[in-house]
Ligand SMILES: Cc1cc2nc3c(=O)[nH]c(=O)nc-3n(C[C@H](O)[C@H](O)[C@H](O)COP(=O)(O)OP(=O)(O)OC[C@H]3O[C@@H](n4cnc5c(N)ncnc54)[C@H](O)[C@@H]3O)c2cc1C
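Just one chain is shown here, as structure tokens, and it is the form predicted on its own.
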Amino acid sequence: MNLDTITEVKRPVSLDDVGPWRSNYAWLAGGTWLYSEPQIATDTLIDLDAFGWQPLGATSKGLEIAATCRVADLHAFAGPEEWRAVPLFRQCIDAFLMSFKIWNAATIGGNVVMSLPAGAMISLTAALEGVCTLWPRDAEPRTLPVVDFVTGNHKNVLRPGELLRSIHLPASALTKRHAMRQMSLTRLGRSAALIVGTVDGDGRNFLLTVTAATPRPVQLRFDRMPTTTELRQAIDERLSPEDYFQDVHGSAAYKRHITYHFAEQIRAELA
């Protein structure tokens, strides 16, 4: 789509080049959402490409994913052999509904910042205990878990002009065993539920991450593998029937039912 309200595109090489933030500015990375609908309140795009951030950086501490990392780059990542959770990258990416153009343009940070319930990169990075690094406009960088970054449907903690710089996936999460389940009402539709479970190699520290079925990511932690009854009780304690997200991609009651069903499948697989 042509954005006929845009009068300037800035290409800064540092945050200092941006100058004072204005309400009619917008950060530009992949642009797959920006160019999908009119941006009436925006007249200036600030292109992040010139920052030259390395898309992926693997160390003994984990994986650093730049906000500007393309979906295609993450899909192609192999990683060390001991990072058993890396195949989850491709599983979550394959849950996207996208063309080859979007595949090579959309960014990981863009999907997270959109903060939609069915954001598959939110599902991935939350499940692998990702931590966001945020760059405020007039303060020191701050960090917080991905699971706390998203606060609701299309809502997050970003302040005006604040920038998501990167997401760090710790090696302790990347070495875990994992299981994922995803459901859409139609073959290529948006996820009605995307649920991921991870567990240590010794069967401890089971983490269940519920996304798409809820407006924001919800996590349940257990020191050991729970029983069927314990898991269902924990879900009920954390999520009331009103806490599920209802839209054209599934009723709240349907998503609640799928959450129970997939959670037990994941528990059984990882047990």
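Owing to the predicted nature of the structure, the values given are computational and were not obtained by experimental measurement. When you see a residue number, it is the position in the sequence shown, counting from 1.
From this point on, the text means the form predicted together with the ligand, which you will not see here.
Although the partner is absent here, residue 29 sits close enough that one of its heavy atoms falls within 4.5 Å of the ligand in the model of the complex. In the model of the complex, no heavy atom of residue 179 sits within 4.5 Å of the ligand.
The ligand in the model of the complex is not approached by residue 174, whose heavy atoms all lie more than 4.5 angstroms from it. Residue contact with the ligand in the model of the complex: residue 34 places a heavy atom within 4.5 Å of it.
Within 4.5 Å of the ligand in the model of the complex, a heavy atom is found for all three of 48, 96 and 118.
Listed stretches are 106 to 114, 82 to 90, 138 to 146, 196 to 204; the contact stretch with the ligand in the model of the complex is 106 to 114, by a heavy atom cutoff of 4.5 Å.
Put simply, of 150, 132, 126, 163 only one has a heavy atom within 4.5 Å of the ligand in the model of the complex, and it is 163. Checked against the ligand in the model of the complex, the candidates 231, 67, 63, 208 yield a single residue with a heavy atom inside 4.5 Å, and that residue is 67.
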